[in-house]
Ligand SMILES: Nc1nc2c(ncn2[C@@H]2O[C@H](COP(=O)(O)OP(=O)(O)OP(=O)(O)O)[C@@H](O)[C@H]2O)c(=O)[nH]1
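Just one chain is shown here, as structure tokens, and it is the form predicted alone.
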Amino acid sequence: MAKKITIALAGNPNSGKTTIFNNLTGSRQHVGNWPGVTVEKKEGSLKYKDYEIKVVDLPGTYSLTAYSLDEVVARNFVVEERPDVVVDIVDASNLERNLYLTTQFMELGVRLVIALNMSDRAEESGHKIDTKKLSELLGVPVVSTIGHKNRGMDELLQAIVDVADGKFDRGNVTPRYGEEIEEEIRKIEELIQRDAGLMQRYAPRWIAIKLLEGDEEVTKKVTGEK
């Protein structure tokens, strides 16, 4: 029997996410709306080796701070629905800006794969990225892809199933914010860890950071407000 996994494709606008979604799912996709909002929802499916993979294309977003409706939709799916793997589509020609979203996924503690897309454009600009070193620094698999040429898809799918099966040890790579902020994060984490319900649903460090940021949506989740 085929093993079923759900993956979420995420990334900045214009990172080539839609192209990779189309490469993976072909004609096996449908479009609707996310519940309660007018944001378009695209889902598809594919078979890879012994796996049936459901692919959810999240709205393009620069962050998970939830200032926009697209950010709220993307974040809520990852936090509440808990896909087996999040695939972060990163524009290799604009690496620094795109990795901001990556660090937020790391804070969430999700099982993550990075698709380093448009790597041909990065090389044309004189940038050659060491994917192995980047993987070591971030603690997640990094796969070079060229979406518009349909390259790297098999390698990407293999990385996805490896992460879903727990074959890639992420380690303990966590963005740090300096001792003063880290001390406040620790204090809030200690309080969160007293609430078994919160501990089951969310990563304590992520909740602590969002509370420090004054994130209204996360504050409602913690306090139970509607």
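Just count from 1 along the sequence shown to find any residue number. Treat the numbers as computed from the prediction; the structure is a model and nothing was measured.
The same protein has a further form, the form predicted in complex with this ligand, not shown here; the description that follows concerns it.
Segments offered: 115 to 123, 74 to 82, 98 to 106, 128 to 136. Contacting this ligand in the predicted bound form at heavy atom distances within 4.5 Å is 115 to 123. Interface membership of G60, defined by any non-hydrogen atom within 4.5 Å of this ligand in the predicted bound form, is confirmed. For K210, no non-hydrogen atom is located within 4.5 Å of this ligand in the predicted bound form, even though that partner is not displayed. Contact check for G16: a heavy atom falls within 4.5 Å of this ligand in the predicted bound form.
In the predicted bound form, no heavy atom of V143 sits within 4.5 Å of this ligand.
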